[in-house]
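For reference, the chain that follows is the form predicted alone, supplied as structure tokens.
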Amino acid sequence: MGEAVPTRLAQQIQFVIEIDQLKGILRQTLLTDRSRRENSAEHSWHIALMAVLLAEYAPADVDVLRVVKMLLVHDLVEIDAGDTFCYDAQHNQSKADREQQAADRLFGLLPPDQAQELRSWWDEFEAQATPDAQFAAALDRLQPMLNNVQTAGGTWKQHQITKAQVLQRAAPIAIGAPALGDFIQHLIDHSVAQGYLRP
């Protein structure tokens, strides 16, 4: 960018340009109109807005702004690591290593103070040890479920996913957003009854 641009600004702009690549990372989940698969940037935006809209279902000690920050950075590592389909057992074995390496590179592009701050949000989301991270994870699990129901089974039908698999995948919702428990059970039971999920 030239010597006239201060180093800090140059690093920030480089990061902004780099993260544009997230728009090209396709996920398995279909858009609700079934026209195509969503990309990871769309997914991150969707669940960040869900955090604002569904904040009343978060446990009382959850900081929704911190949740939004986590949700906006949690999938940036997919720029390098790709999106790993949650039901792909083989590729999930190497997921953590691939994503750690990606986090090191991507957050390392930022000025040190911002690198530390954004990386801390990502690490917190991954660790799932705080109420904020647990609510963020609940929304991350809920959004694809909603899209699968709206697309008459979508990815679930394509990959012959079972009720037991979805129950296991949805387990963090009961931890991070217990107020949504009855809704999740209804959603799964409805999906089985409609043939969206294998019993």
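None of the values given here were measured: they were computed from a predicted structure. Numbering starts at 1 and follows the sequence shown.
Keep in mind that the form predicted together with another copy of the chain is not shown, yet the notes after this line are about it.
Engineer: Does another copy of the chain, in the predicted bound form, lie within 4.5 angstroms of each residue among 78, 85 and 95, using heavy atoms as the measure?
Structural biologist: Judged in the predicted bound form, none of 78, 85 and 95 sits within 4.5 Å of another copy of the chain.
Engineer: So which of 54, 161, 62, 170 gets a non-hydrogen atom within 4.5 Å of another copy of the chain in the predicted bound form?
Structural biologist: By the 4.5 Å heavy-atom cutoff, the listed residue in contact is 54.
Engineer: Consider residue 141 of the chain shown here, and say whether it contacts another copy of the chain in the predicted bound form, taking contact as heavy atoms within 4.5 Å.
Structural biologist: The answer is no: residue 141 has no heavy atom within 4.5 Å of another copy of the chain.
Engineer: Could you confirm whether residue 39 comes within 4.5 Å of another copy of the chain in the predicted bound form, counting heavy atoms only?
Structural biologist: Because a heavy atom of residue 39 falls inside 4.5 Å of another copy of the chain in the predicted bound form, the answer is yes.
Engineer: Looking in the predicted bound form, any heavy atom of residue 150 within 4.5 Å of another copy of the chain?
Structural biologist: Residue 150 belongs to the contact set for another copy of the chain.
Engineer: If you check in the predicted bound form, is residue 100 within 4.5 Å of another copy of the chain, heavy atoms only?
Structural biologist: Because no heavy atom of residue 100 falls inside 4.5 Å of another copy of the chain in the predicted bound form, the answer is no.
Engineer: Where, among 128-136, 170-178, 23-31, 153-161, do residues come within 4.5 Å of another copy of the chain in the predicted bound form by heavy atom distance?
Structural biologist: Selected stretch: 23-31.
Engineer: Going through 68-83, which residues have a heavy atom within 4.5 Å of another copy of the chain in the predicted bound form? Please give them in sequence order.
Structural biologist: 68, 69, 72, 73, 76, in sequence order.
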